[in-house]
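To begin, one chain is listed below as structure tokens, in the form predicted on its own.
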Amino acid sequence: MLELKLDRVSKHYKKKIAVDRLEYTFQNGIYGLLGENGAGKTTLLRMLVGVLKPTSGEILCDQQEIGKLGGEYRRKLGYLPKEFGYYPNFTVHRYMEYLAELKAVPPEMAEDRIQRLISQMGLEHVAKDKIKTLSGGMIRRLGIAQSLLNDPEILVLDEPTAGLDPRERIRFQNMITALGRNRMIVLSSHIVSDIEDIADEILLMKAGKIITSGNLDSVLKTVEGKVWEAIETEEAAEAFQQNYPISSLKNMEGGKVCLRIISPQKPTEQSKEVTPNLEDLYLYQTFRTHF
């Protein structure tokens, strides 16, 4: 089984520390990366695929430093960056042919793989259209398709569902779940439900560090007893929003508001403890310095 290890990996930009001495080991399965903007997620993903070099530390693939593996490592990779490059005047099919050549997909296998991925991504009806005519969601689907062309052992996806509608997101989630049975997939997303639904392991990043990791059940244990539901007046609800992270707020009849409050202590005598979800954990860890 393939293993990718972070050994005290850091990345500095002048005085800013983007990634701070990370130690972690990836194997087969789906790893979901969560964190605020600036937490270091994209920098980490770019180092995993070799686009950036660590300032210090090493990234090891089966105990060999990835920079020394060169093309051998790149052949194992599929990558979808947050903003991926394409030629707007290429058709969808020609773009996939071009990427298949760059990724050294054997010619006798390339066309079958291209057709299968175009179909999987629901792009058959635009296969002969120029990319510049596609919607943002279709371009995102094309980006996912190109990342899979070389049947990678390691798949790295940065915000893969950005711009996808709900049906497309479900299609993507099902596909990634199937792919994750026999390869390593590392993906980041701001859509917490994407991570909650498909990740085998969840990594929460803050200020360049992994502050929480584990499967869904284990990471949620850290926020048990810290999520509350309270029904308050509109005036009281406004005050709560100033002092606590609120993961949901619903208006009710009679001018009342139902609040889902994140707090280590019971916020009011009438508050009821509720079962936490991943969004609650995300907010708790994000606001933790406020408690």
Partner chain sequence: MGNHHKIRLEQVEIEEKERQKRLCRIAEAAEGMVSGYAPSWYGVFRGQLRYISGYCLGGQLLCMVLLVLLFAYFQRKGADMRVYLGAASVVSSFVGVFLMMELNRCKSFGMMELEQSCYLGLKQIWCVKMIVFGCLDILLLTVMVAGIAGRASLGVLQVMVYLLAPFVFSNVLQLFAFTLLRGQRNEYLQMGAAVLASMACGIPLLFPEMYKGAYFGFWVLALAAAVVCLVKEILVICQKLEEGDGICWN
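Residue numbers count along the first chain shown, from 1. Predicted model, so just to flag it, every value in this text is computed and none were measured.
What comes next is about the form predicted together with its partner chain, which is not displayed.
Student: Identify which of 88, 122, 163, 214 has a heavy atom within 4.5 Å of its partner chain in the model of the complex; exactly one of them does.
Tutor: None of the other options qualify; the answer is 88.
Student: So its partner chain isn't shown here. In the model of the complex, which residue out of 170, 191, 102, 127 has a non-hydrogen atom within 4.5 Å of it?
Tutor: Exactly one residue meets the criterion: 102.
Student: Within 4.5 Å, heavy atoms only: does residue 53 come near its partner chain in the model of the complex?
Tutor: Output for residue 53 is yes: heavy atoms within 4.5 Å of its partner chain.
Student: Contact with its partner chain in the model of the complex for residue 180, defined as at least one heavy atom pair within 4.5 Å: yes or no?
Tutor: Residue 180: no contact with its partner chain in the model of the complex.
Student: Report yes if any heavy atom of residue 113 sits within 4.5 Å of a heavy atom of its partner chain in the model of the complex; otherwise report no.
Tutor: So residue 113 counts as contacting its partner chain.
Student: When the contact criterion is heavy atoms within 4.5 Å, does residue 72 count as touching its partner chain in the model of the complex?
Tutor: It does: once its partner chain is placed as it appears in the model of the complex, residue 72 has a heavy atom within 4.5 Å of it.
Student: With the partner removed from view, which of 89 to 97, 183 to 191, 199 to 207, 216 to 224 is the stretch that lies within 4.5 Å of its partner chain in the model of the complex, judged by heavy atom distances?
Tutor: Among the listed stretches, the partner-contacting one is 89 to 97.
Student: Using a 4.5 Å cut-off on any heavy atom, which residues of 140 to 170 would contact its partner chain in the model of the complex?
Tutor: Those in contact are 146, 151.
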